[in-house]
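First, one chain by itself: the form predicted alone, in structure tokens.
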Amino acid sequence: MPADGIAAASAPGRNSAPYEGLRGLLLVAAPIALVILLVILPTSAMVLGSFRVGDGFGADRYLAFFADAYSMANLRYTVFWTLASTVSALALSFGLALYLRFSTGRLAAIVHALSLFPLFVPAIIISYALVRFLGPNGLFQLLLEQVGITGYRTPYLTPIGPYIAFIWESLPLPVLVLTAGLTQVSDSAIEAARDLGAGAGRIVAEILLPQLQRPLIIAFALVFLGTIGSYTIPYLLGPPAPEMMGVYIARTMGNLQRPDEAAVQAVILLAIASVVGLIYIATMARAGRQ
């Protein structure tokens, strides 16, 4: 074919490229508009409003928050137990993922189903189930008494109650993420390490963990972000003081009728969550470039 014919044949493709890009933008226009309308605009208004003092702007409310001992106790309590439950959930999920990676049969299928079961149970049901199981005169206490163990002290209305519930609720997502990551590790690499005399611990430390860095970061971010703003579980199972920030914000807004202070508390919690969110976004973007 002559050169001018080739150019003529390829011209329609080049001319249609901008329209294809426009069609792509139209396809995502609705979800982007919803994100802007329902997330970005309200969040921006809340952040700006938290700095408004009279007719101007200032950080007076933030200084008051950080100077208040009770507010700081709630913030430390929230961050500590969020980290504790996130790390614990990741550790348990990693063990379950390892078992599911190297096990087959009916028992492995049952374990897999049980590990995903909390994904389909609302937080309020999990909370009331733990109240009935671990609460005073609950099933766990009755079982202990049947074998002669007395003096049981319930974790209900203590920091341990939400901690247990957070782990239970958070298990499915990291199990799914880590199991998917472990399936990317070839059996040949593991068998080669075994042939060279590597034990189970060395295989995990030197072969599996290095290849699970990205799934671990993703799982950590998902669990952390799902826990730090939790309301139902700490409200039903946690102590009256200190409070998780989700409960503290709701009480400040609803019971105390102080929306300006609640906005400050929410922005501080948003700033902490944003750090983990940025790590998650950077990890996903890096994965997309590879």
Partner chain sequence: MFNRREFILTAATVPVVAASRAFAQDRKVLQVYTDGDTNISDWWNNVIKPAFEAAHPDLTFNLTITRGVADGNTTIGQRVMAAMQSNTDPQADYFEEFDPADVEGSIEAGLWTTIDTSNVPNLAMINPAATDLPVRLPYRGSQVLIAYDSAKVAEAPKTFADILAFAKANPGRFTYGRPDKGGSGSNFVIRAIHEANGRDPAAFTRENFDPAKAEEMLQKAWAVLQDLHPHTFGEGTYPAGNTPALQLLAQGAVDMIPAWSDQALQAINQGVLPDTVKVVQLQDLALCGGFAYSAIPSNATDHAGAMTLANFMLSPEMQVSCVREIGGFPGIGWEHLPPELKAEYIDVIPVSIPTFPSGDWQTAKNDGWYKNVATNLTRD
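Numbering follows the first chain given and starts at 1. Computed from a predicted model, the values in this text were never measured in an experiment.
From this point on, the text means the form predicted in complex with its partner chain, which you will not see here.
Heavy atoms within 4.5 Å of its partner chain in the predicted complex belong, among the stretches 197-205, 149-157, 102-110, 180-188, to residues of 149-157. Contact with its partner chain in the predicted complex holds for none of Phe51, Gly54 and Arg61, as no heavy atom of theirs lies within 4.5 Å. In the predicted complex, its partner chain sits within 4.5 Å of a heavy atom of Leu256. Within this chain, Asn137 lines the site of its partner chain in the predicted complex, having a heavy atom no more than 4.5 Å away.
Among residues of the shown chain, Asp68 is one whose heavy atoms approach its partner chain to within 4.5 Å in the predicted complex. The closest heavy atom approach of Gly238 to its partner chain in the predicted complex falls within 4.5 Å. The contact residue chosen from Val131, Leu173, Leu96, Leu216 relative to its partner chain in the predicted complex is Val131, the criterion being a non-hydrogen atom within 4.5 angstroms.
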